[in-house]
Structures are given as C-alpha cells and as structure tokens.
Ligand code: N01
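Given as structure tokens, the chain that follows is alone and in the form predicted alone.
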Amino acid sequence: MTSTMENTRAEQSGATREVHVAVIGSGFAGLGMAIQLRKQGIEDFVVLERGDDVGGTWRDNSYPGAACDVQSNLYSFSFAPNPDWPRTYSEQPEIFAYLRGIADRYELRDKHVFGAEVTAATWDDAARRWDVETTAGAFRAKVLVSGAGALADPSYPDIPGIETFAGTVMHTARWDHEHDLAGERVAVIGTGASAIQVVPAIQPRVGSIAVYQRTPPWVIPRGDRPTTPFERALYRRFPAVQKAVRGALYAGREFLVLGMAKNRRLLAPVQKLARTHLERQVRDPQLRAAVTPDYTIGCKRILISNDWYPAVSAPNAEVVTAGIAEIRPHSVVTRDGVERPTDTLVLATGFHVTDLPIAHRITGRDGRTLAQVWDEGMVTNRGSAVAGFPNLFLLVGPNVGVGHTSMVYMIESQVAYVGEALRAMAVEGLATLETTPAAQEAYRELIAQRSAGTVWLGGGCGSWYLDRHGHNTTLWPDFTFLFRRLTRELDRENYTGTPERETAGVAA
C-alpha cells in the first residue's frame, strides 16, 4: 500500500503518479467504489478529493437544519448498518460522522489525496490511459471513475445587481458559520429542499426573514423521532432486525413509484395528505393561497417538514411571490416595485444537475469534453458509461437519481456494475473497455419510453429533473429494483474491448 508520506513526496516532486484506478470524490459514491475495489483485491487506486475530508455533499452542506429526507436505516450502506442512529431521520452531523467512520473502518484514508480538485482529465489513446490534472498534482490512470455527484456544485442565481450587494451572501452549500444572523434582515432565495430546512432553523433568531418563492413545494409531515435505547440495543444484538426494518422502509417507498411513474391518480392520497398538512398549519387565507402548489404532487421533489409552514407564518417572516427584479447594495427589489432592506442573502438555489461541472473537465478520444458530447442532452449506457470515453465510469450520473427513496441503493447498484466491468477487463486481459453508441442510444430510448406518462413530464411543473430540452436526464423513471436487475451483471455485448497484447510496447 502506498503510504500517505509517499503520496506527499510524489506530489511535492511534481512527478506524475501512476495508478490502476483513480476515483473522483469521496462521498457515498466514492467511498462505496473504494470499498468495492478493495473487495475485488484491487489495491492500486487513489481517491481524489477536493475537500479536506471525506463526506462529499454531507461535508459541504452544513447549513443550520441540514438533514436527510430518507430514514437513516435506509440512507446508509447495506453492508455497513449503523445501529446507533440517534434519530429515525438523521441530521447532517450524524451522516457526516457515519461517512468518516466508514473511511476509518475500511482504512481508506491512506488511499485519499485531499485538496485534489480535478481540473482536467484527458484520454490518451496511444497510451490507453487517463491523464488527470489536479490541484494536488498529476495522475495517470488506466481506469477513471467519477463519483462527482449532481449535488456537488452550487448553482448561483443570475439576478441583476447581485454582485453589488454590500451585505453577506452565502449559498446553503457554502454556509458561513462565522457570520451571526441574530437580529438581521435576511432574504432567502428559493423554496426547495434546503430552504425548508434552513428557514425554520434561523427564523427564531433573525430580525426578519423574507422568503422569495418562485414555485411553492408540496410538503408532507416529517415522521421523525429520537430512537430509543432499546431500539439501538436490539439492532446491535440482532442485526437481522435492523435489516428487516430497512427492507420494510425500502418496500414502502417503492410504492410511490406506482403513482409517480405508472398512474398519477394513485398520488391522490399523498397529495391529500400534503394539502391537509398545509391547511392545518397555515391559517391565514392569503398566505395559504401563496404556498399552495398548482401542480401534481411528485412533479417536483416532495419535501418533508413539520416546521416549514409555522416558520413562514411567524410574525417576523414573509413569503414573497412577486419575483425579484434586482438586488441593490442594501436591499432586494421585487417586480411590483417593493424594496425590502436586507443584511444577508441566503441562496437556497440548488445545484448544477443537468449540466454537471465535471463534464466540462473530462475529455474523450476525439478531443471533445463530456459537456460537448452532451450538448443535446446527457446520454449513457446504464448511467455509467459513455461512448468515446474508454475506461471511464460514472457514479450518480445521468438518470440514476431518485425522487422517492435512498440514493445509496442506486449507488450500490452502480458500484457493483463498475466492479463487474473491472472484473471483465482483468479476466479478458483488456487494455480498454468502452460502451457502444448503439447501446447508448438504446438506453436513451429506454429512459424516454419509461419517462413518458410519468408525473415528472406531465404533472404541470418544470423542475431540475428536466434539462433545457425538457427531457428527463436526471431520474431513473421506474422501480429501483429494476435498475439493480439491469446493473447486476455487465452487459458485455454492449461493450468493445482492446486486448492488452494489441497495445504491447505502448508506453503506459
């Protein structure tokens, strides 16, 4: 095993470090891939992490109130359950601690290079290698696996005058914990998953809070509670009980697919639950009208919260629906001409999802980047491989996202699929493995076929699930167990490979 000291010497010398596999990112996807490599006996790998610790999204999103909207027993690795979750829905610090514990438990830290943001990854067709440039040095890898997920790079709004604002501006994914909001006039832009968590967390201590809403979300009750000492002891002594609970949670969430992807009328009970929740918590008719969605539930992400509506109903809170015209040095001006004095802007404006930033940095065989290849829409084979990019595998890529269940389930499916690809390369002695354009096009058609008639395309809303062409390039539009079945084995017939003997004598 290459030691951290040896890694540091290589980086300081400016030498290019050669590895069998380079993994980008160390969130759930990157850590899961690293564990899979170890499981397959592959030790010659490195995890390139731009941050100073593992954790990915759960390291970066530390804003007040940050938590998961999937139950803890399901939002964790199936092979590494945690019997000591303090709540049924865990908050950011607990999930971050879980991931750090995973890195320690599987002894992965020595495989990491921290502070290594990937600035470019270019395929060298003669050498059959990926040349990877990072802020911590250069690497050359036979196989490149990107675990840079969709919730990695914040999206900043293009609002006239925002660059002139004289107060504090912070994105929820880049929270400034040194800044004291006590007594301040705060503007929160956005009403998505981050906003409904951060607003209730900061509303009691700010002077005033204006929430700038473009589209109201559907919100259902959050069935969260502390776990009991008895539960934790039971899970520790009888792991099968926790596994059974996980299975029940998974099955229950899969029922939502029936309404989202099969028959939208089946979502009526869920929408009724959300409407009842709203009516019980919002008494003011004017506010109630402002926060009532006009689209089918599930068309946009369903949010869960018990304190969102009470927070925006508070005397020091206001929901603004007029739309922002401009931002001035000390205020926000809406299209109806109203100017609201503001000390701090909180941008709860989400992430680059359908235009993944990492795609601009990965260049394939023909000299085009992934972003250029995907200009008309992201397309892959099984969300994992792209024609023209040999030995590149994507985790949490296009059409792997889910709006109803745990992303970790999908990540484990993909990690196993990539593992099968690596196994095929080893068994067959392949220098390269690349999916075919035909397989990629067939998969695009499969996604389009299964997306037709779903709530995401016909629910009456626009969402970050869809790209600028109106295509679903984000979500897996069916039951997740079908995705697992599809990725259980490598579809070898959809790949071409170059044997090592054909590249004999080529510098590696």
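Worth saying up front: this structure is predicted, and the values here are computed from it rather than measured. The numbering used is simple: start at 1 and walk along the sequence shown.
If you look for the form predicted in complex with the named molecule, you will not find it shown, but the lines that follow are about it.
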Q. Counting only non-hydrogen atoms, which stretch in 149-157, 367-375, 310-318, 115-123 is within 4.5 Å of the named molecule in the predicted complex?
A. 149-157
**Q.** Touches the named molecule in the predicted complex: Ser331 (any heavy atom, 4.5 Å)
**A.** no
Q. Hey, in the predicted complex, does Gly259 get a heavy atom within 4.5 angstroms of the named molecule?
A. no
Q. Wondering, does Phe45 line up within 4.5 Å of the named molecule in the predicted complex on heavy atoms?
A. no
Q) Even though the named molecule is not shown here, does Leu466 get within 4.5 Å of it in the predicted complex, heavy atoms only? A) no
Q: Please pick, from Gln197, Thr342, Asn73, Gln203, the one residue with any non-hydrogen atom lying within 4.5 angstroms of the named molecule in the predicted complex.
A: Gln197
Q) So which of Ser208, Asn82, Thr436, Thr349 reaches within 4.5 angstroms of the named molecule in the predicted complex, heavy atom to heavy atom? A) Thr349
Q) In sequence order, which positions of 188-222 have a non-hydrogen atom within 4.5 Å of the named molecule in the predicted complex? A) Ile189, Gly190, Thr191, Gly192, Ala193, Ser194, Ala195, Gln197, Arg214, Thr215
